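Just one chain is shown here, as C-alpha cells, and it is the form predicted on its own.
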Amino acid sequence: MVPLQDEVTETLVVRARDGDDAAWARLVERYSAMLWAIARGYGLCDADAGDVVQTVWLRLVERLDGLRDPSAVGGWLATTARRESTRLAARRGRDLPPSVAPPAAEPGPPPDQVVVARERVGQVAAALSALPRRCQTLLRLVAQAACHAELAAALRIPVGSVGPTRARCLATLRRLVG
C-alpha cells in the first residue's frame, strides 16, 4: 500500500477550494472507492451506497471552506461516509435486496476452469461472510484506502491497530478458506 502524501492531499484540497476542477477530479478519483467500500460495508445496496457517496461529496462541497486541516480530508470523508451510511441503513433497513446485475457471459477460458475459479471465489465469499463484520469491513477498505490513517478513521480504531487487526482478519480468512 502506498501512503498518500499529506502535502499533496492538502494541496488538492486548497486548489479545489479555489475552484480548480482538476483538483476536485483528483480528490474524487482518490477517495471515491474508499467511500463506496465504507457504504457497502454497512450492507447498503448499490443505489443506496451511491446515494451515500454522492451525499458525502456534497457535504465536502458545503464544508470545504471550514476544514481546519485539509491534509486530513481522507479521515473527514471516511467519518462522514460512516455517518451517512449509518443514517441511511437505519432509515431503510438492511433487508433490501441488492441491485446487482447478472454477470455477462464472456468468451474466454474453458468451462472447467470457469467452474474451478467460481468455486474458489464462492469459497472466499463464503469465508468473507463468515468473518466478523469488523473484519469484513476492514478487508474491503484495505483494498480501497490509501493509508493506515484513513483506514483507522474509517474504522474508528487507533492507527497502530490497523496492521495487527488486518493480520488477524487475514489469518482467520485463510483458515476459513482452507
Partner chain sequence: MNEDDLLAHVRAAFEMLDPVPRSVLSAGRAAIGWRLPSAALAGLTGDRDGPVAAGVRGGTARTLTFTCPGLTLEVEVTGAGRDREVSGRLVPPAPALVEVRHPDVPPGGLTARAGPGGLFCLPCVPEGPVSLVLRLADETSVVTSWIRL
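The model shown is predicted, which means the values in this text are computed figures rather than measured ones. Residue numbers count along the first chain shown, from 1.
Note that the form predicted together with the partner chain isn't included here; everything after this is about it.
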- Would the partner chain be touched by all three of A89, R134 and L155 in the predicted bound form, meaning a heavy atom each within 4.5 Å? no
- Query: Is V162 close enough to touch the partner chain in the predicted bound form, meaning at least one heavy atom pair within 4.5 Å?
  - Reply: no
- Query: Within a 4.5 Å heavy atom cut-off, is L67 in contact with the partner chain in the predicted bound form?
  - Reply: no
- Message: Quick check on A149: any heavy atom within 4.5 Å of the partner chain in the predicted bound form?
- Response: no
- Item | 4.5 angstroms heavy atom contact with the partner chain in the predicted bound form for A16 | yes
- Query: Using a 4.5 Å cut-off on heavy atoms, which residues of 39-63 contact the partner chain in the predicted bound form?
  - Reply: R40, G50, D51, V53, Q54, T55, W57, L58, R59, V61, E62, R63
